[in-house]
Ligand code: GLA
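What follows is a single chain, given as C-alpha cells, in the form predicted alone.
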Amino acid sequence: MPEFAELYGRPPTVRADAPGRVNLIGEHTDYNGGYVLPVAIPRRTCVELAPRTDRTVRAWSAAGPGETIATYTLGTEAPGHGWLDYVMGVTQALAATGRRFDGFDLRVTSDVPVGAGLSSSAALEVALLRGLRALYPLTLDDLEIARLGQRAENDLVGAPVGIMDQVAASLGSERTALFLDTRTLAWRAIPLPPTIELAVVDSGITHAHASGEYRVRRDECARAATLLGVAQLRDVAPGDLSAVNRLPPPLDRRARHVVTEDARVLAATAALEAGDLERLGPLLYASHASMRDDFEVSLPAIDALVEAARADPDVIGARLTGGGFGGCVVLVCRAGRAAEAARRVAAAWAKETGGAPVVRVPKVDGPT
C-alpha cells in the first residue's frame, strides 16, 4: 500500500479519522424523525491531506483500483465515480455553505467494511470533513459536520439516508450509546453497563443504500404518514396503532414497525440506564422480528444468524443492524465473553447455511 509521500511526493499536512458505527436499536426511524441508539465501533476510516494552491483535488483510496489517483476540479462534482462520489459530495456540500477552501491531495485508508451496515460512507464523510476543518481551517462544529455528511450522501451520491450514521461518526464513542432524537438532534451519551459487551457478526451479504428496496421503504413511510395526517411517523403515538392498522398493506406494516421501534428505543435506553439486561434482550429480539415481519428488510439467512445468537448462553439479545437486506447482526453479550460468543455464533451459522461470516467486533479479522 503506497504511503502519502509515495503518491504525492510530499508528506501530509493533516491527519483525521472517524469511526464506523453499529446501531444497537432504532432502525429506519431516523428518516421518520424518530429515535436511534447507535454506538461507535473500534473500526475507523483515516484520511491524510495536504493543501493545494489551485482548485484540483487528487484522491487515492485503499479501496480503489490499485495505485490510481483520481482527480477532479472543485465545482465540477458529479456522480458516477464510485467511492470518489463521497469525496465529491463532501466538497460540493461544503462549498454550498459559502466557506472558501482550495484543492487538496487526499489518501484514504479504512478498516470499516463496505456494504456491511456499519456506516463506512459516514465514516469517510466525517473523517474528510474533520480533515478539511483542520487543513484550511474552517469553523465547523460536530453537528454541522454530521449535517454536511448527510447532505453529501443525499444530494450527490443519491442515497436517501437519515442523519443517524453521520451523527454517530461525529459524536459517538465506543463505551457509550448515543441516544439521538433525529428530529431535534438533541442527544445524550448513555454509558454501556459494565456487565455487557457488544459483538458484531458480518453475514457477508452486502447491500447498497443508494438503490433498491431502501428507497422503496422510505417512500412507503412518507405515504403512510400522509395517509395518517402527520408530518412524519414519529408523530404517531403507540396508542394510535389502531389507525395504523387500518392503512392499506404494506403501509400498515411499515408504519407499525416505525411506531413500535421508536417505543423500543425509549424502552432500551431506560433499560441501559437501569442496567436491566432482562428487559434489554427481549427488546432487541422484538426489534428484529419487526424488521423481519413488518418492515420486511431481513433475509432468511439473517434470521438464521439471529437465531444462532439466541441459542448461545452468553448472548443477551441480538438483531439485524443497519438498513437491512444483508449486513451485520449486533449481539449484546455478557461482559468478557463477546469474542468467544461471536465466534461460536458465526461458526454455528456457517455450518447451517454455508455462509462465510466475519466477526467485526470485537476486532477479529478474517473468516471464522
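Here the structure is a predicted model, which is why all the values come from computation and not from measurement. Residues carry their position along the shown sequence, with the first being 1.
What comes next is about the form predicted in complex with the ligand, which does not appear here.
**Q** The ligand isn't shown here, but in the predicted complex which of Ile163, Ala268, Leu94, Leu178 has a heavy atom within 4.5 Å of it?
**A** The residue from Ile163, Ala268, Leu94, Leu178 that makes the contact is Ile163.
**Q** Of Gly322, Pro38, Gly34, Gly317, which one comes within 4.5 Å of the ligand in the predicted complex, counting heavy atoms only?
**A** Of the candidates Gly322, Pro38, Gly34, Gly317, Gly322 is the one lying within 4.5 Å of the ligand in the predicted complex.
**Q** Please state whether all three residues Asp252, Arg254 and Asp262 have a non-hydrogen atom within 4.5 angstroms of the ligand in the predicted complex.
**A** Spot residues vs the ligand: no contact at all.
**Q** Going by a heavy atom distance of 4.5 Å, is Asp30 a contact of the ligand in the predicted complex?
**A** Yes, contact at 4.5 Å.
**Q** With a 4.5 Å heavy atom cut-off, would you call Tyr214 a contact of the ligand in the predicted complex?
**A** Yes - in the predicted complex, heavy atoms of Tyr214 and the ligand come within 4.5 Å of each other.
**Q** Please determine whether Gly26 contacts the ligand in the predicted complex, using a 4.5 Å cut-off between heavy atoms.
**A** Taking the distances in the predicted complex, the answer for Gly26 is yes, it comes within 4.5 Å of the ligand.
**Q** Have a look at 272 to 280, 130 to 138, 155 to 163, 192 to 200 and name the one stretch with heavy atoms inside 4.5 Å of the ligand in the predicted complex.
**A** It is the stretch 155 to 163.
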